[in-house]
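The data below hold one chain only, encoded as structure tokens and taken in the form predicted on its own.
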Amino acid sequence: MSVTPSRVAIFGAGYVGLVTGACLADLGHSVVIRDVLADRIEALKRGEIPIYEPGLAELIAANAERIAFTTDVREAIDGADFVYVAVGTPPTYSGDADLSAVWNVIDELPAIDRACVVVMKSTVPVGTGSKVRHRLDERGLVQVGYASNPEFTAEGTAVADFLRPDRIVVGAFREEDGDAVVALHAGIESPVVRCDVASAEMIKLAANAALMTRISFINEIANVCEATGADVVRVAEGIGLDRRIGPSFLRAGIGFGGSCFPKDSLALKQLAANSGYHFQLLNAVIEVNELQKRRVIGKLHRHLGSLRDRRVALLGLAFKPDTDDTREAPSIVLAGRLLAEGAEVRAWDPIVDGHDLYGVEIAASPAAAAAGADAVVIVTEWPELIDVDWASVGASMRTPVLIDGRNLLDPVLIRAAGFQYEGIGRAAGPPED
């Protein structure tokens, strides 16, 4: 399908904004990315990408002639056919989404005397679009359209998720605005879901809630497996082959983190509460996830007793592989709990430098982190950990205890290497003869 080039202004140079801008440029559009952080914009102009996302730096470099960066609102807006809002909406203390950055974008838009479409890419509560539409009308910007085009990209696979998505969701008040946003994605072969703005906003929140529910469900099953001697890996395989269920997001572990799931779960929970509805299932999903992160501490107690003056190595700081994002990462919770109990904490991650983790010593390799340790905890399923010489690592430890928080390693091989191995939802020891 041929692409009619458009000019797109993107407000926000974070994960969503940079990936959206790079991918739209790759589709043939002219993109200007604006951010309030001057240092970030200057770094981007020098070709320095402030986040780690596989393929993103290469995509931006390949489309450099179609991507510009600025801190100036008018420069970004000049001639734009679309204004994408891709700013952060972090949770407030009440759990509501903080929309201050969204409103800053809307309020600082200059008087626009031509047709263009404001497109909401940020994750916002249901009803935000109607409020933005009202604000635009109040300012006399009736010729400016509005559409909701939520993102469904996962950190670590964001570029592929944008260019080869499961679906493209477009909600609009006016049919022609939705048509324009759909046309902007020409060249991407994917089902398109057209709907009203409120439904598009809810699709994003509901999709994440469904994924979080699956994660917490399999973690609950894992905990029951530990109590009964079943193996959650085999259980997940067995139920995942049911075509009504499928295998996705059925991997037990120490809980989800990142910039989306925790934030969006709180936002949807608060949205329901503000609407007079108690979302019981989502409350349970959130509680299970929080408790799951802390179950590792209980496993360490069973093997080591008191953790005071014990040395524990955390392998992996990012909330998932192929990203440098530590927001709401289980590693942060674990490090905090270990330090509070008087343990010495060392950590390793191939991407995250960990300089902001107060009290945690950062090691250059998994082996260096584990040397002299009483226990190793695999927190992030980095593939590099599979090829570690675990027999050598175990020999360097004071007590070779390994808590596999992601069920990454083969229990038989790790026990053969001399470790006391414990995974998530797996038998604590080898089966009895």
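The numbering used is simple: start at 1 and walk along the sequence shown. Quick caveat, the model's predicted, so the values are computed rather than measured.
What comes next is about the form predicted in complex with a small molecule, which is not displayed.
Put simply, A368 is far from the small molecule in the model of the complex: not one heavy atom of it is within 4.5 Å.
Contact annotation: R66 falls outside 4.5 Å of the small molecule in the model of the complex, judged by heavy atom distances. By the criterion of a heavy atom within 4.5 Å, A101 is counted among the residues contacting the small molecule in the model of the complex. The shortest heavy atom separation between A43 and the small molecule in the model of the complex exceeds 4.5 Å. Shown without its partner, this chain lists I49, A391, L37, A62 as candidates; in the model of the complex, only L37 has a non-hydrogen atom within 4.5 angstroms of the small molecule.
Checking N223, T123, T128, Q270 for any heavy atom within 4.5 Å of the small molecule in the model of the complex turns up a single hit: T123. Across the options 185-193, 237-245, 114-122, 299-307, residues that bring heavy atoms within 4.5 Å of the small molecule in the model of the complex belong to 114-122.
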